[in-house]
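Single chain ahead, by itself, as structure tokens, in the form predicted alone.
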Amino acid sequence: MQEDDASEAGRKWRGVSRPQRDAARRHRLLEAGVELFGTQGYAATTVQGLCRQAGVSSRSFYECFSGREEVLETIYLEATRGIERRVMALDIAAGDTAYEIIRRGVQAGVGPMLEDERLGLVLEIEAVGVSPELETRRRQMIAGIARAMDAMMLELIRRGLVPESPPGLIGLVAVGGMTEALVAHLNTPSAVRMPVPEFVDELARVITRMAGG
């Protein structure tokens, strides 16, 4: 049920600051975007549908976002920045094998989208080709995740766990391969798809072999 404008001063928000109120609405709208974009699809989702799902008025929506594309872009950017941070923050112990390190990198890269398949569908399918502007941002974020994967690979090279390779290439190949494998996994009926731990294991094995480990 949507909030009406009178609720702005109503009991629901009594004692809550305007920034807190706006942040709560923004969060609910982003959650609504993950739900609707990840189930019925971006093209079939309207601003009115996002408002209904989030329980906000259309006026409140436009105080937070310029339109549904900005909701999609925000979901994409926040999620992919989180993935990049997780890959960059990997804890690599002294005795780890190449496979163990790469598996943690794979888990950091695709884990959030396997834990919440709606997010996977939004990031890897619904956000593709929406607009030239979003495509530019997508390419930038993919390059950032690839650089994070490259940093991990450089550490493997430094430790002598994999042979040296051209900088920048393995990260892009790994991210591209993980993306296509993830899309195929998500599009496979759940009754016949590979269990998630096994899927991550196999991705890590393939990337380890590709890296020469």
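On a predicted model such as this, the values are computed, not experimentally measured, just so you know. Counting begins at 1, following the sequence as shown.
We do not show the form predicted together with another copy of the chain, though everything after this point is about it.
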query: is_contact(R138, another copy of the chain) in the predicted bound form, heavy atom dist at most 4.5 Å; finding: yes
query: Heavy atom of I170 within 4.5 Å of another copy of the chain in the predicted bound form; finding: yes
query: G160, heavy atom within 4.5 angstroms of another copy of the chain in the predicted bound form; finding: no
query: Heavy atom of S57 within 4.5 Å of another copy of the chain in the predicted bound form; finding: no
query: Candidate site E31, V71 and L134: all three near another copy of the chain in the predicted bound form by heavy atom within 4.5 Å; finding: no
query: Another copy of the chain in the predicted bound form: contacting segment from 118-126, 87-95, 103-111, 73-81, heavy atom within 4.5 Å; finding: 118-126
